[in-house]
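Only one chain is shown below, in structure tokens, and it's the form predicted on its own.
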Amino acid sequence: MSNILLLEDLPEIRAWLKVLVHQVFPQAQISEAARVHDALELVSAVKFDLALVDLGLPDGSGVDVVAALREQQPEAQSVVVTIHDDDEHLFPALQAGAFGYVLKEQARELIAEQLNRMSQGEPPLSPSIARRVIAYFAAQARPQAKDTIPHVQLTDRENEVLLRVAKGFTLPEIGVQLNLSRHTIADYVKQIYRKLNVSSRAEAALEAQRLGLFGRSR
């Protein structure tokens, strides 16, 4: 990789991403942008091998940059690096031409490893994202009847905790909101994960959406 576009509006995140990119691609020249407008101008002026693209930006969505790269530089690869792990962000990005989709909450070492494996043609995907993509296409091929979906019964308190986990609150923050200790919240989270058969915050958020908790919170 000789030329890399880094689109991220938060300076502190852009800084550690830049360090990470230099670790994986030591010889690369990095062009930085904090807005969609600036990134689109760079795409028109510079030939890129790789773009690391955030989605939620002050002047729009990074999906527009992914689409512009696919149209103007089809040999360039775009990898989304974002906090958004929901279908509403994931699938439009993939449809626009993203080669990979990585969550910022991952360990940086894992992100570096995933980027490094791109040389072998392996798309960088966070584990929970890869499972969701597989599940999506499996469902398209063989739709599941409603009455075959297992019903999971959570208590009202477990639903309250799950909703806050899905919204990104930390365990201490949830404890303050519900007037419970951090350890009690941790026990609830373990029990919720066991009941839902999930192992990550992203998967828990997906289950919260499936159970309709976001709709109830409005």
Partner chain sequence: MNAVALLRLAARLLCAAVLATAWPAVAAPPPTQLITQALSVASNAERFPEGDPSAITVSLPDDWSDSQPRHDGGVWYRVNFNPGPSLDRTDLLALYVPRACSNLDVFLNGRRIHSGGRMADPVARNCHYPQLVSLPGGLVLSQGNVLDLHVRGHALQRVAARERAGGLSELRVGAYDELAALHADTLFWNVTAVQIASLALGMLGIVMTALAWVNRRDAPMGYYGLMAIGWALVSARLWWREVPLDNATVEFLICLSFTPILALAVQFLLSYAGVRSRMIEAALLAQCVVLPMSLLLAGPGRLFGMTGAWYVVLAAETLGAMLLHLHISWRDQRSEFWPMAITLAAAAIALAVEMAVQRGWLALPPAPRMQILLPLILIAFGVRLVVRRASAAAAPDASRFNMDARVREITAEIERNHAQLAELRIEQVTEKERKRIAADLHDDLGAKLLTIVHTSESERISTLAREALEEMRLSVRGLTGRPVRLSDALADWRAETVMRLGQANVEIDWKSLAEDTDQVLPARGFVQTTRILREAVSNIIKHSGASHVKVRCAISGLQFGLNIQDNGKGIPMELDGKLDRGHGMSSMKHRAKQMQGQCLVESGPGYGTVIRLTLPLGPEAPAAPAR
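If you superpose the two forms and keep the largest set of C-alpha atoms that fall within 1.5 Å, you have the rigid core. None of these values were measured; they are calculated from a predicted model. Positions refer to the first chain, counted from 1.
FYI, the form predicted together with the partner chain isn't displayed, but the following is about it.
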Report the stretch among 31-39, 163-171, 181-189, 62-70 that approaches the partner chain in the model of the complex to within 4.5 Å, counting heavy atoms only.
-> 163-171
Is there any non-hydrogen atom of A135 lying within 4.5 Å of the partner chain in the model of the complex?
-> no
Is Q77 a contact residue for the partner chain in the model of the complex, using a 4.5 Å heavy atom cut-off?
-> no
L94 within 4.5 Å of the partner chain in the model of the complex, heavy atoms | no
With heavy atoms only and a cut-off of 4.5 Å, decide whether N116 touches the partner chain in the model of the complex.
-> no
Taking the partner chain in the model of the complex and a 4.5 Å non-hydrogen atom cutoff, the residues of 33-58 making contact are none
Is it true that S128 shifts between the shown form and the other one by 2 Å or more at the Cα, once the core is aligned?
-> yes
Would you say R70 moves between the shown form and the other one, meaning its CA shifts by 2 Å or more once the core is fitted?
-> no
Quick read on E109 and P127 CA atoms in the model of the complex, 3 Å or more from the shown distance, and they're farther
Classify the change in Cα distance between P58 and V165 in the model of the complex as closer or farther, relative to the shown form (magnitude of 3 Å or more).
-> farther
